[in-house]
Each structure stands twice: as structure tokens, then as C-alpha cells.
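A single chain, nothing else alongside it, follows as C-alpha cells in the form predicted on its own.
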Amino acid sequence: MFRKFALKNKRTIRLSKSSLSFREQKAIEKVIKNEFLGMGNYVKQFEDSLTNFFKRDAVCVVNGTAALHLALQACGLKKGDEVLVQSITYLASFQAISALGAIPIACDVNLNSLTLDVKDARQKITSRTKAIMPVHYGGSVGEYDEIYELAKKFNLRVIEDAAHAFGTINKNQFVGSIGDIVCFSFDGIKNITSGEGGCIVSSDKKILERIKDLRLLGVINDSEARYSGKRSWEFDVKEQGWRYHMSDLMAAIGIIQLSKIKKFSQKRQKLAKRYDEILSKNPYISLFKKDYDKVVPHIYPILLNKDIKRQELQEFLIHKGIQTGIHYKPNHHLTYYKSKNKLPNTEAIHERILTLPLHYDLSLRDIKYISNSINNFFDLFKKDK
């Protein structure tokens, strides 16, 4: 029905993107000039900056998946252990668990936030359950207190997948400032980026010290040498490690990005509020209620009514120069993670989720154009009915 209309917007409004400036370029140039690109003093500087930001220790790694993997290993998880995690999350959450030979147990989501449904997770606890991995979907922490109460009752470690939530405020502190073990991603489209990269934040110093070794192939106490541009030539290894350390190139970008977190956060919140303002009047979609004075959204998903064909709306928006996404296909539908677990909320909504563009370089005018285009689609939809 939309093909008869001329394309109004010649440029493409991207779903997500990095936002970089000359400052990141200059930082990279300094690292290159030093002719040392691996893990060195810049990584230490970035870790120190993150530690100051969270008011507790942070350890940097090569990406968010590695952060989750190492956190689980450092907690002693092994083959056959079970980890509770929502099915609607990026594949990385499940892969980090199965990489250890542990078993991700697919759980349902809360319909209001698309975060972990604690009631469902509780029903899936067995004698093999060793950890719970709440995913802060879209920047929301969900049933945070209930998750920790559940973990305390059943003696579970909590590994927070906070890849979407850098900058979000929880209990008057930044996500990562409290909680058991909190993992972040700094890939190219996250709230801040280091090109790739991630970090683990915790008050458990034994866990963090173990992670420091594990990220460097298990070489004991190699981090301190690397920080000063050296390597350990006489060393010992006591367990399986991985090449998961961050490079100075990544850290140089991350240092600059972290200094921009306030303006990045405020812009994302402002854009999300504008979406809410315009789209809340549309009877064909539902919005996820979030307090954008506290939540810093990584993505902006909407929920389409049952009688709406998502693909038709996506094609219409592409025709208007607007990219969209789907966050995410449920992991228990994937061949490798097939599960017979009943997840009624997940099954009811996963084909109705649509993610709209959200990144720092969008303007309020862009949000108005995107929102009005969606409303125009539904005006056509009403006429066709």
C-alpha cells in the first residue's frame, strides 16, 4: 500500500551508530605514535577512570561477551551447572554460559519491561542452579530487589548483564556501583564505546583478581607487567585462560567516551521521552513504561498490536529512509539452545517487538519524523481495514 508514495527522506536514519569526534581520533593517534597497541598504560587509565565512575573496582576486557564468560568462570561455574537467564536477550548472554559447558536455562520476561520474570525464574531453580543472569534490557534493571532476594535464598551468584545500561541510575547510584558482579559492553553502538571492549565491576576483589589473570591466558599476575608495557617471561598458569584483554587502542577511545557520558545519557533520555510523547497516542502500539530521568536507554523498542504485520511496517519505514531492528529472537528458538520450557510472555510478544532508531546523533526533528511516519502507516492501515 505504501509503494505508491514517493520517498520523502533521501538520507537513511540509522538504527544505531557510534558517535565519535576528533578527540577520539587524537587519542588513537597518540597510541599509534607510541608504537604500542596492546594492553598497556591506557588500559590501566581506563580502568582507573571506570573505578572512579562506579566507586568500586573495574577490570577491562575485549568485549561484553568475554566479560560475562570470565565472570562466570571466576565464580567457579563448570560443566553441567545451570544459569537462569531470560530468553529475550542477545545470543551473547547464552554463549557466555555455554562456553563453560554450563547450561543456560531460558526464562520468561516481564511484559512491562522485557526484563527477567523472577516468578518464572524461581520455578526453574534446581540443585544444579548456580547463578542468575538478569539482563538489563533497554537500560532497565527490572525486578532488581526480587532478583537479589531470590539469589540470597538459593545461594546463587548474580551476574548482571548490563550491556544496555551504562549510565542508568538504580537506587540513586549508577548501575554497576552496587550488586554482585556487573558486566558491561563497549562495542560500537553501546551507550559509550571503545570500538569493542567491555568491563566487569564488583566489590569481590578475589573475583576481579582471578579475572585479571584469566583475561591474559591465565598467566598469574601478568596484568601489572602489561600496565607498564612489559610482559611476564617467567610465569605460572593454574587454569584455562583466554586472550580476552583490552588493547590500548580500545582504551584510548573509551577514556574519551566516558568523559562524555553525561551528555550522551541526557541526549538518549531526551530522545526517548520525545518518542513517548508522540507515540503514546497511537492505539496500535504499546510502549514500555520507563523512567527516563533514571534509565539511559540503549534501544527504544515498541510493541505492536497482534493484528499488525511487523514486516509491513518495517518495509514502510525503510521506504521512508528509516532503519528498524528486532531485539531479539528468543534464544530458546535457536537450534543450539532449543528448550521445551514454557515461556508464555515471550511467545506472546517476541514477534511484535520492533526497535526504532536511537543514538546520540539523532535530533528531536528526526524523532518527530520517525514517529509521524509510524503514525502515517497506521492511518493507511485504518483505511485499508
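For clarity, every value in this text was computed on a predicted model and none was experimentally measured. The first residue of the sequence shown is number 1, and the count goes up from there.
This next part talks about the form predicted together with a small molecule, which is not shown.
Asker: Could you tell me if Leu68 has a non-hydrogen atom within 4.5 Å of the small molecule in the model of the complex?
Answerer: Judged by the heavy-atom cut-off of 4.5 Å, Leu68 is in contact with the small molecule in the model of the complex.
Asker: At the 4.5 Å heavy atom threshold, is Ser87 in contact with the small molecule in the model of the complex?
Answerer: Because no heavy atom of Ser87 falls inside 4.5 Å of the small molecule in the model of the complex, the answer is no.
Asker: Find out whether any non-hydrogen atom of Asn345 is located within 4.5 angstroms of the small molecule in the model of the complex, and reply yes or no.
Answerer: Taking the distances in the model of the complex, the answer for Asn345 is no, it never comes within 4.5 Å of the small molecule.
Asker: Quick one: does Phe54 come within 4.5 Å of the small molecule in the model of the complex, counting heavy atoms only?
Answerer: Outside the cut-off, so no.
Asker: Can you say which of 234 to 242, 201 to 209, 157 to 165, 272 to 280 gets within 4.5 Å of the small molecule in the model of the complex, counting heavy atoms only?
Answerer: Partner-contacting stretch among the options: 157 to 165.
Asker: Just one of Leu249, Cys75, Ala92, Ile285 has a heavy atom within 4.5 angstroms of the small molecule in the model of the complex, so which one?
Answerer: By the 4.5 Å criterion, the partner-contacting residue is Ala92.
Asker: Here the chain is shown alone; which of Asp81, Glu312, Asp187, Glu146 has a heavy atom within 4.5 Å of the small molecule in the model of the complex?
Answerer: Spelling it out, the residue with a heavy atom inside the cut-off is Asp187.
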